[in-house]
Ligand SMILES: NC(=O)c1ccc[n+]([C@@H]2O[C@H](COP(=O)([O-])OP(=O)(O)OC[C@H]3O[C@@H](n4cnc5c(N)ncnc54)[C@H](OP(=O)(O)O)[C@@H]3O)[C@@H](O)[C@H]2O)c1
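The chain that follows stands alone, in the form predicted alone, written as structure tokens.
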């Protein structure tokens, strides 16, 4: 397995690309939006929360916003063609949509909890990939990056639904990459652990923040995977563990 994090100041040129970041209003998403815009890409972010979308627009005035529920296939069927008409195509998809649920044994886990993790972390990835791939097939290919987790490789317990959904995402990426490699479409995922965000610091105030991953470093890995330099990487789950 590849295990690396790009910690230097990395620059990329995506000036001819259209990028869709699903869930770009979170900490990692905002960093990706900023870096793709700085690289010259036409950058679109999906959102659900209007307040967070306005904040993102203030931080990055050049970002294009589209409201989209990733679990609503009807919305995807309407929104993706609209994006094609407006921007011509989607060259890059970075899917940041996901969530975590832990601290519960299987006995304590409800069916609703289980379904929520499967939907948020796996079904959303399936649906957005399904409806973006035809755009990439009709163009000159593209790049897709999903966010899985190290927990998708090994769980320490208490997070069975989350672990299963992230493990499923790794296998989904492997399968999708094989299905569409002949169309010059690269599909990968990264496997982070704890990301250093305000929300995580509040949730785990006694954590060792020095060992947590920075959104900047993760964004650099993702941009590399979407660049010409990452063309040889396909169907991979990239460990981005940092020092944890």
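Residue numbers count along the first chain shown, from 1. The model shown is predicted, which means the values in this text are computed figures rather than measured ones.
FYI, the form predicted in complex with the ligand isn't displayed, but the following is about it.
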Taking the ligand as it sits in the predicted complex, is residue 52 in contact with it (heavy atom to heavy atom, 4.5 Å or less)? yes
Does at least one non-hydrogen atom of residue 116 fall within 4.5 angstroms of the ligand in the predicted complex? no
Contact flag, residue 149 vs the ligand in the predicted complex, heavy atom cut 4.5 Å: yes
Contact of residue 60 with the ligand in the predicted complex (heavy atom, 4.5 Å): no
Residues 41, 92 and 142 all lining the ligand in the predicted complex, heavy atom within 4.5 Å: no
Interface check vs the ligand in the predicted complex: of 194, 176, 65, 37, the one with a heavy atom inside 4.5 Å is 194
Please name which of the stretches 103-111, 132-140, 159-167, 76-84 has residues with heavy atoms lying within 4.5 Å of the ligand in the predicted complex. 159-167
In sequence order, which positions of 107-127 have a non-hydrogen atom within 4.5 Å of the ligand in the predicted complex? 120, 121
